[in-house]
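One chain comes next, on its own, written out as structure tokens in the form predicted on its own.
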């Protein structure tokens, strides 16, 4: 199996550097002497790594490494997704867990941060029975570390509502309890929330709409390119296409890029990919294959919804769109971000832009705890309120500190996490 430890370490180093710089800017050690607050944010509360021996349908065994990192619970129980991908390593999961802590604080959720993952052999495609066995094996390795008051996982890259259903079922078998709030992103019939499947992508466009509102920018008729056409990218494309009047002209995934100058028919593209797989995206009948990197697409807005570190110092100069919105976690390396800011790109950071998923996961937890059911309209109405308020707070913080929205997000979140830590005491 090919691993990518350098990428994961760079990602973690970037996150930790941002946390240290933010701590220094906020003078945390002067304000809270002796508490070592930044180290308590950087060093996770708990790191679990374990082996999964997964039996394939043909009888062969895949030996996989699985992780769960519980970063910080100063503001509430741990919350974060589970991803299955060949690039998963401990450093990546640790960085993502820290970002979840920050993200929850940015949008004001009473939650801490966690992340989980399983390193899958590159190119491996598991059958439905194999995916079920993997889901159940993952829970077996963590059953004592999870729970609705402790750590509540959710879907992430290459996991979905069905995986959460298997995990919730297996958790119930071990605990002897039927606790729907132990996992979020579940199917509706198992206590899932209306609007959860599309929440992250929808939240991305809500953040873009709020950004445009503050910039006095009319989105109708503007062009949009989207890197990544998984759950986040596809639902962001659909909302932009259906509700904002934007033209989604370019869409890419790991297999290539498709474009249509007059705007792609996103519902038809989603149906095509669902029926034929991600590899077929570039063969979409109503689009043309684009031979250039999507970063160089001449559009008004670029949405980065693939994986972390997709944009580096080597390719950030290719970006032609004046506005960049981050649907993925950490799509720009620290070096790329600095160069993008220097070049005058207007960036709406991931730490706010993709918070729709965890926000609606929180709504799902509340509904489960109260044995309640909310309509999709009510869920999305509440989501918009939280996204708008969070954006407005960051815009004001950025104005006050004369900094970027990303910097403002870290300043706001770290300050609130530090205050919660201080109130809990130094032990």
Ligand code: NAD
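Positions refer to the first chain, counted from 1. Just so it is clear, the model here is predicted, and its values are computed rather than measured.
The form predicted together with the ligand exists for this protein as well; it is not shown, and the discussion that follows is about that form.
Student: Pick from 247, 83, 75, 211: which residue has any heavy atom within 4.5 angstroms of the ligand in the model of the complex?
Tutor: For this set of options, the contacting one is 83.
Student: By the heavy atom within 4.5 Å rule, which residue out of 328, 182, 102, 206 makes contact with the ligand in the model of the complex?
Tutor: By the 4.5 Å heavy-atom cutoff, the listed residue in contact is 328.
Student: Just one stretch in 248 to 256, 104 to 112, 216 to 224, 67 to 75 has heavy atoms within 4.5 Å of the ligand in the model of the complex, so which one is it?
Tutor: Selected range: 248 to 256.
Student: Decide whether residue 238 counts as a contact residue for the ligand in the model of the complex under a heavy atom distance cut-off of 4.5 Å.
Tutor: Residue 238 lies outside the contact set for the ligand.
Student: Give a yes or no for residue 231: in the model of the complex, does one of its heavy atoms lie within 4.5 Å of a heavy atom belonging to the ligand?
Tutor: Looking in the model of the complex, residue contacts with the ligand include residue 231, since a heavy atom lies within 4.5 Å.
Student: Counting only non-hydrogen atoms and a 4.5 angstroms cut-off, does residue 155 reach the ligand in the model of the complex?
Tutor: Answer yes; at least one heavy atom of residue 155 falls within 4.5 Å of the ligand in the model of the complex.
Student: Please determine whether residue 278 contacts the ligand in the model of the complex, using a 4.5 Å cut-off between heavy atoms.
Tutor: Taking the distances in the model of the complex, the answer for residue 278 is yes, it comes within 4.5 Å of the ligand.
Student: With the partner left out here, which residues of 292 to 320 have a non-hydrogen atom within 4.5 Å of the ligand in the model of the complex?
Tutor: If the 4.5 Å heavy-atom criterion is applied to the ligand in the model of the complex, 292 to 320 yields 305, 306, 307.
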